[in-house]
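The structure tokens that follow cover one protein chain in two forms, given apart as structure 1 and structure 2.
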Structure 1
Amino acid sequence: MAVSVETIVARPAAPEPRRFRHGALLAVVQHGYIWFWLAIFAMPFLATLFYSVQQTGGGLTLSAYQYVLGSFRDNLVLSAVSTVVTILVNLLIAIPAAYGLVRYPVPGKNLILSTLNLSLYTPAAVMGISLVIAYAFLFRIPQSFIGLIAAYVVGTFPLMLVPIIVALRDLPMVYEEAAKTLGASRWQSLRRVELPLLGPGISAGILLTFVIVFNEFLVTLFIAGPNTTTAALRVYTLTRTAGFQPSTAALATTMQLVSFLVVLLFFQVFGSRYLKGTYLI
């Protein structure tokens, strides 16, 4: 039976499949769920930012940020330098320690590793008191920059060591043997083959160390002297003495912004190379 053109044109379109509508609704719910919790987690930081630009009597102003360009800059520099030095010291200690625990038959490995991780199980206040006693009476380095770095290393060394141990355990020794077969020295094999393959563990340790050290204030409260006031300790001290003023909120916002930018840059530089498939999607 012939069908006219008018009949074909006038025929109503078929309704969309129910599966498509359900899929679109599910996608909306999923995105809404993610953005809802993102707003909940970001709300404290946005509230601090908004409070830092509040002006007495109403209105917005950036006058509170004048302190950031003043004395607080020295606190930020001290925090940055302390963080970088701590990361370097942790790397110099953690990489040989990881090789010793993984590649060599060291007696009592479990006991040694548990002892090295002791700072992770100790409350920060207890560790601060212990460090004060040790540094004041044993090492004679109380309230000094060296003591501050030593305290940070003690507290964050396990965060550098454990990821490197995990990465080293997953690294087959065939790569080391192949490099040796091809004539590479032990140093060449370590620098050109093994360390790049340990990149995920090293990168994770660096990131964890930065996040902890740059924002640490409780242990710093026990160790720091008058000339070693970090940015986090400065914010805490101002909050305790003067309350939560817009100027203090400006300092806190600056620290949040610095941390966020450093972590974002870290993922862009190191994450795309070493952390793909682990922390990044």
Structure 2
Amino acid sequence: MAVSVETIVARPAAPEPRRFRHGALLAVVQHGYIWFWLAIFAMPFLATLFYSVQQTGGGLTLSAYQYVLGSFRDNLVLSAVSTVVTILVNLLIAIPAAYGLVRYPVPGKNLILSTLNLSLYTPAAVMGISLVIAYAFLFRIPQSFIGLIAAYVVGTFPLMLVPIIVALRDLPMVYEEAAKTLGASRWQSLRRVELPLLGPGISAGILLTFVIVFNEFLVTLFIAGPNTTTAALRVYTLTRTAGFQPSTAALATTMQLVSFLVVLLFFQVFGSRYLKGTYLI
């Protein structure tokens, strides 16, 4: 009797370690695969970073970074300014547009949205060539700052629009109604209730605009002039004209580092929920 009890207990126990080892192996392979690709994503950045601090003949130096705040300063300032201006213009036109599309009975919403999103699906070079021709011969604003901003706005405001539309759709009407019955005017309700509640969606739009505009070089390459060379375009032109220099690497590193820190900050504060269905993730 005692023997049979033992075999009953022992039998399921015996294959357990093997199955466990098999599962563990599978897990290692699976997570290894993920980490392999995550490393691939980060590798180009890390390579650029190493190259920018590498000293000829060994050792590390930050001397390449003196150019970042030196001869590249104007480019960086232009990048920052055009990014901020684009974000502001995007906000100004995307928030009303999202309201119009979600909260008002406008006919042909899908067609309007597709039209507004058209620039999202246009390859950058096509946008570049069409704008450079239109700016030169139709609007007569070649190589101008305003033309640069207009290109950025048209290319990125759909990225602002989509998360705000998603957030506005997810926002129950009941909060607006509650504000109304409590005596709030349309403006008070917008400022005190809706905009704070739309905050994550709007922030997602800001993040997307930032990531794209701050690093845009291809449309810029087509339409920029000597006075409108952004930092990203500078990386490109330096690479084409001066070859691969540590100073160029320093600029590229700086741009990516700033971008990554902003993304990191955003994910810390808001998570990635409002980025679903958009350019990022």
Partner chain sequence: MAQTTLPQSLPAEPAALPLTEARQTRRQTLIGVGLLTPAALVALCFSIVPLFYLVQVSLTRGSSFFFTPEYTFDNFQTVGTRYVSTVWQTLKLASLASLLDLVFGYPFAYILIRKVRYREFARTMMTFPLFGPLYLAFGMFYILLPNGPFGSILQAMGINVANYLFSLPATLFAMAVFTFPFMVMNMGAALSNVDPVLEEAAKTLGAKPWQIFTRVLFPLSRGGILAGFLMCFGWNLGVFAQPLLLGRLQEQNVLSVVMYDKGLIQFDYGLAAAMGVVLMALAFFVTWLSLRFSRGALGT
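Fair warning: this is a prediction, and the values are worked out from it, not measured in the lab. Just so we're on the same page, residue numbers count up from 1 along structure 1's sequence. The term rigid core refers to the most C-alpha atoms you can superpose between the two forms while keeping them within 1.5 Å.
As summarised for this chain, the second structure is the form predicted in complex with the partner chain, and the first is not. Comparing the forms between structure 1 and structure 2, the C-alpha position of F145 differs by less than 2 angstroms, with the core used for superposition.
V84 is not among the residues whose C-alpha shifts by 2 Å or more between structure 1 and structure 2 once the rigid core is aligned; its shift stays under 2 Å. Fitting the two forms on the rigid core leaves the C-alpha of F72 displaced by under 2 angstroms between structure 1 and structure 2.
After superposition on the rigid core, the Cα atom of A27 is displaced by 8.7 Å between structure 1 and structure 2. Relative to the superposed core, L38 moves its CA by 3.9 Å between structure 1 and structure 2.
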